[in-house]
Structure formats: C-alpha cells, structure tokens
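Next up: just one chain, as structure tokens, the form predicted on its own.
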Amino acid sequence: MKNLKHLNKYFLKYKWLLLMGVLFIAATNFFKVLMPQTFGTIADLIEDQVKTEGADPNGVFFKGLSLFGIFIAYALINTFFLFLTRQTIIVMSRLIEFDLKNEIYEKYQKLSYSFYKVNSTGDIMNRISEDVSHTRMYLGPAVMYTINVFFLFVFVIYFMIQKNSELTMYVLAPLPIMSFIIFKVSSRINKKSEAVQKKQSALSTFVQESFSGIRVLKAFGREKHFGDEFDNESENYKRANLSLAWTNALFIPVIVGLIGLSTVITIYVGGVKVIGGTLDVGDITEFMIYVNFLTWPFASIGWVSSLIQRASASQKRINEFLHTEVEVKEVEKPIDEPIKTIEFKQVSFTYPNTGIEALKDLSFKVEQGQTIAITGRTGSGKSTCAALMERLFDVTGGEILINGKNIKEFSLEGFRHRIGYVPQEVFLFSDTIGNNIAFGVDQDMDEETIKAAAKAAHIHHNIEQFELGYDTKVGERGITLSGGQKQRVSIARAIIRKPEVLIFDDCLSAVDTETEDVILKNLDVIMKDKINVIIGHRISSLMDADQIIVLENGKVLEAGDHQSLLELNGWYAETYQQQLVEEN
C-alpha cells in the first residue's frame, strides 16, 4: 500500500463524502442482515403449523404475509442506502480522478525539457490515462467493497453468534485458509500488473510513433515491417494480460469454493443440532442465508485485491513522474524592466542524459537593437545556445546574465513571455492557421493583426490561396503544409507577440534564397529595437548581423562581423564562397 499513500491527501480533501459513504454502507448492511430473520421466523411458523394439530392456517398466512411485508421494507431501505453509497464513494473516486489527472498534467507542464527527451510520448500518455483509470478503481470500487465486507462481516458474525456461537465457529473455519491464499496471491498479482502496464506503455509508444511518422513509414514502404512489429508488441501485451487473468481465474474459484465449504458445514452441523433439538429450522435457514451473504463479499476480496495491486503498480509509475525533480526551477520574481542585454559569461553545458559537452566556456554579449548570428558545423552547439537562452536547460558552468543579473533570478513565465522563439523543428498544432499564428498571445487577436504577422513572414499570399484561408486546418503537426510554409507560420507566431528578444534557430532552411531575402527585409523593421539572435548555416541570412560567432565543438572558432570574418579567410569565408558558387 506504500505506493498508494500519495492518494491519502485526496481522501482528506473529500473526507465528508467518504464518511457519509461509510455511514451509508453501514446502514445498507444493517438492514440487509435483518432480512434473513424474517425468513427464519416464517420457517418456524411453517414448522409449528406442521407440528401443531388444529392450528389456524389463516392466522399463519396473515402473519407470514406481514413478515414478508417487513422483509420488503428492509429490502427497499437497503436499496435506498446502496444508492446513496454509490452517490458518495463512486462520485468521490471520480472527483479524485479529475484532481489526480490535473496534478499529473500540471507536473508535466513544470518538468524540464530534458524530461521529454528521455521519456516517450506514449508512456507519458499512458500514465495520465490508463494508470489513472486503474488508480480510480482502487479509490472507488475497491474502497467501497472493502468497507462493505467489513461491516457485513461484523453484522453477520454478531447475529450468527447470537443464534449459536458453536456453529458460527464451524462456519468460519475456512477463513484462515482464505486469508493465507489472498496474501500469497496478491504479491503475484502486483508483479503481473506492473508487467501489464509496462507492456501497454510500450504498445502505446509504438503506435504513437508509427502514426506520427506515417509519412516516412509510407515513403520507405515499411508498412508490412511495422505491421509485424505491432503484432509482436500486441502479442507481448496479450501474454502479460493472459498471465494476470490466469492468476485471477484461479483466485476467485478457490475463494468461492471455501465459502461453499462453509455452506456444507452449516447444513451438516446445523442439521445435527436440529435433530438434537438445540436449534430450530428457522435458525438453520438464517445461517444458510448469512453464509450466502458472505459468498460475494469474500469472493470480491480476490477481485478487490487485484484492483488494489493493479492500482499500486499504476500509482508507482505515476509517482515516478510526480516525484521527478524539476531541473529548471521557477521563481516568483518578475522582470520589471525591458530586456536590454543578454550575456553569456564563460558558459559551459553538458547534456545530463548523454554526457555530451555541448558548450565550453562560451562568452558573448548582445544588446538591445543588435543582432548576433551563430553558425558552425552540425553538432557545434548552435541550438544549445538558443535552448539555454530560453532557459529550457540550466547551464552547468558559468552564467547567463539578463540586464546584468543571473537568468535564474527571474520568473520563467514572465521571462519567456518576452521572447519570440522560432525553433529548428517547427511544431504546429492540429488547429487553424490563424489560431496557430495567434498561439503565443494571451488575448484574442483580430484578423488584421494576424494577417500583418503573416505578411511579415511572407506567408499571407500562400494562406490566401487556400479555400478557407486562415480558417484552414493544418492537420497534426502541420502535415498539410510544406516545410517552408510551416517555418513561415512559425515565424509569424513568434513576431505577433511583439517580443523584446527574437530567436531564430535555423528557421529559414526550408525556403529558397529569394523568399529568404523578402522575409529578412520584412523583419528589418520588426527587429530594429529588439535583441535578435539568428542561428543558421546559410551565410546570406547571417551576413548583416552586428556580430557573428562561429562555433566548433562548443567553442568559439571565429568571431566578428561579416567583413572581418571574410578577411580572416577561415571556415566562415570558405563556407561563404562555397554557398555563392552553389547559388550561381
């Protein structure tokens, strides 16, 4: 149960629903155990009628009828309290499920970017959906049936002992065996439940990746191969589930069999006592009904145990993420002045999961109204600079200063609201083009503002050609648009928020040089009073920057403006000449 301790705070939050549910369960079972007494009395009446000569049949009939009416009244009251039980305990479980999903989602939002680099989307989704659903079964049905078994057992044993304590001991004799079986099997169910959840996460991850990469999958004609892989993953999941089902299939029949043994004992020992004159036929009738009352609750122990073990396995997986340390810490201090300078001061960074040292003692400073360009070979650390500047990661050495103060001193949310970021890997949501452009702003944007941003990004004329214009749905990840169109929509999304810092991470790689020229000219006015960071390989998009840094293996290889770097006749000059030849 240690994995489920995390949920105790929710039981406290909804304690009144839980307490009322417990009272309703107690009331339900109290009236339930009163019902057999009417049958016992009716059985005694019939026995007396048979034994007594000259008894009035009509009197027996009407007395039996009144007892039957009492039985119906007990049944109706029992049903009413059962309804109230479900309206409290089950409703409580649904409310906790809602809160738990929100807690997990909020935690997902706070977790650092590195978390998503090592955890698959399918596994993340599985924990907030399937795992939470299994946990809810513990919060609702498992709790309800456990409390129900407790009260029913207490009331039944009390009334049975009142009738005959010796027979009660005989009836309860199989219970220790049942307890031992439950204890032994529960641990196996727990292990098998964990295995099932892991296999389901693997299956979800495989399916998610297959659909996300459907274009590549079809282009390479790998449908059959992926179909075979899916069959293999499904087979693994099926085997894990069948193994769990096999354990459960043995569990419940054994418990029902032991309850059946109690019934046989009741008939035999009770019959002997009736013959001996120490018990009435009505008492045996009541005992038989009481034992049958215990059949489902004790049989449900196996089912409840399975629910608890599956919930424990699921909550353990949920806790792994909930207890994951947030690497990039949020602070409450807002930025109360415009961003005028960004400075890298001997910054070093090593990726935590791979151990790759991406940057080594990197230093530069860019001021308001200036543009800095960062270039270099693939893997030289260019995109890492952008990620650190946006504080997706924290530096492992040195510091990044904003207006002369450490970036860690400022609120993440407030700082990022001042940045317009165009990532290297463009992501568009499954929404309209207009909503994708307006994504980065809090308030609703009018159509003219959206169009102005689209014109600056040189995408407006393409959007106008679509039948629905800005109301065109772009499909998942923007699959209906070309690479260049997606990049330009992403640029429009960055500039519409009127940021103080603009970061372009190789965002013009998918457009031709003519389109690139138009976009850069349009952005001149927008970039005028901002801090601008342009990262890329194409020299034509970098050459007008105030300072250009060439990185190699995370270190500065060359630095200066366009003309001074050409005069160095190094990597920058050589790359520039090669690109000129290619363009010609």
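Sequential numbering from 1, following the sequence displayed. All values derive from a computational prediction rather than experimental measurement.
Same protein, other form: the form predicted together with a small molecule, not shown, and the subject of what follows.
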Exercise for the section: Pick the stretch from 348 to 356, 96 to 104, 71 to 79, 406 to 414 whose residues have a heavy atom within 4.5 Å of the small molecule in the predicted bound form. Expected result: 348 to 356
Exercise for the section: Report yes if any heavy atom of Lys333 sits within 4.5 Å of a heavy atom of the small molecule in the predicted bound form; otherwise report no. Expected result: no
Exercise for the section: Find out whether any non-hydrogen atom of Gln87 is located within 4.5 angstroms of the small molecule in the predicted bound form, and reply yes or no. Expected result: no
Problem - 4.5 angstroms heavy atom contact with the small molecule in the predicted bound form for Gln424 - result: yes
Practice task
With heavy atoms only and a cut-off of 4.5 Å, decide whether Gly379 touches the small molecule in the predicted bound form.
Solution key: yes
Fill in the blank from the handout: Partner-free chain; cross-checking the small molecule in the predicted bound form, the single residue of Lys117, His323, Lys238, His461 with a heavy atom within 4.5 Å is Lys117
Handout entry: the small molecule: the contacting residue among Asn126, Ser305, Thr371, Thr384 in the predicted bound form [heavy atom, 4.5 Å]
Key = Thr384
